[in-house]
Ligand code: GDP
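Shown here is one chain on its own, the form predicted alone, set out as structure tokens.
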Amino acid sequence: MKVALITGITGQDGAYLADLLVSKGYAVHGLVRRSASADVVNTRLKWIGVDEKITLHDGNLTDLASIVRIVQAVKPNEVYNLGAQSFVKSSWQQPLLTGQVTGLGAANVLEALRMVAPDARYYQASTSEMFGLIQAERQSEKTPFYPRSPYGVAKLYGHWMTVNYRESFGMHASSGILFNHESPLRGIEFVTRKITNGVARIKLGLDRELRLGNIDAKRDWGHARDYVEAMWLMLQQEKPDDYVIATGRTVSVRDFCKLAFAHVGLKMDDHVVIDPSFFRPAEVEVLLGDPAKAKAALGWEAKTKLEDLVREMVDADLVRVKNGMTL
């Protein structure tokens, strides 16, 4: 039986990845940062039905000793570093924390593996936000990076540290440069869930308006369930490498909104209010991934269409709002 360790296991990607690995017969372990909200830490894992099939360990990406201890106890074959301060807007308010968790946290995991489990295969969750002010119409593994937020900068550090450990120490360390990926498990602070939750509340008569920022920003949106499969595929390859994971289609926030409102028979123009307080200090106007390498080398391509993703998210939020559930 293979053993996997996932940081960020209680997040959207962690939950879907845990479910995937359990279905493949893995013993799945997760690193969990304990906090005042520990009573809801398993919400996504429970929603997806995998909470009783995994083992959680107290630890913190900023604490190398805790990572070393967990790795020694678990003896993983594969380690997936998904943990991060991942909300872009908050990274301007907490740039140092974002750097410590998202950037140095990745270095801590790599160093722990180098010390006590050098043969374990490592996956780093990189991000399209590293491209930022795009240097090419379609972004591939060869496109230069130009991050536009403390989050993007911190992720870029983790990405290059992964390359460095691979080249310096011969570790099987790969990075997935994932473009935006959503699901019913997405955090409510992210614009896609903010939209689908808002649509559900408006449809059910609990709210009348939805306040948003720059709705003309464009993103390449896929489903997190599809993207975690790409993570797993990277660690099954003979040689480690970096891969862009995307759909190859970009859509504006405005169009995402239109799809969500239309699904419940409403018009977004009747309810959306533009609020300047939600604009970013430095905007990433458009992202569009080129997943050709992932398709050729991994045999991976996105399965879920954006329209289906939006409908799934709205339907899930309608159920949650009706039943007073939170996520």
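A quick note: this is a predicted structure, and the numbers were derived from the prediction, not measured. Numbering starts at 1 and follows the sequence shown.
The following text describes the form predicted together with the ligand, which does not appear among the structures shown.
Not one of 106, 157 and 174 is positioned with any heavy atom within 4.5 Å of the ligand in the model of the complex. When the ligand is considered in the model of the complex, residue 189 lines it closely, a heavy atom lying within 4.5 Å. Using a 4.5 angstroms limit between non-hydrogen atoms, residue 164 is distant from the ligand in the model of the complex. The closest non-hydrogen atom of residue 51 lies beyond 4.5 Å of the ligand in the model of the complex. Interface residue remark: residue 47 is not counted as part of the site for the ligand in the model of the complex, having no heavy atom within 4.5 Å. Here the chain stands by itself, but in the model of the complex one stretch of 69-77, 114-122, 86-94, 166-174, 86-94, has heavy atoms within 4.5 Å of the ligand.
Scanning 202, 153, 253, 235 against the ligand in the model of the complex with a 4.5 Å heavy atom cut-off leaves one residue, 253. Interface residue among 268, 284, 298, 56, judged by heavy atoms within 4.5 Å of the ligand in the model of the complex: 284.
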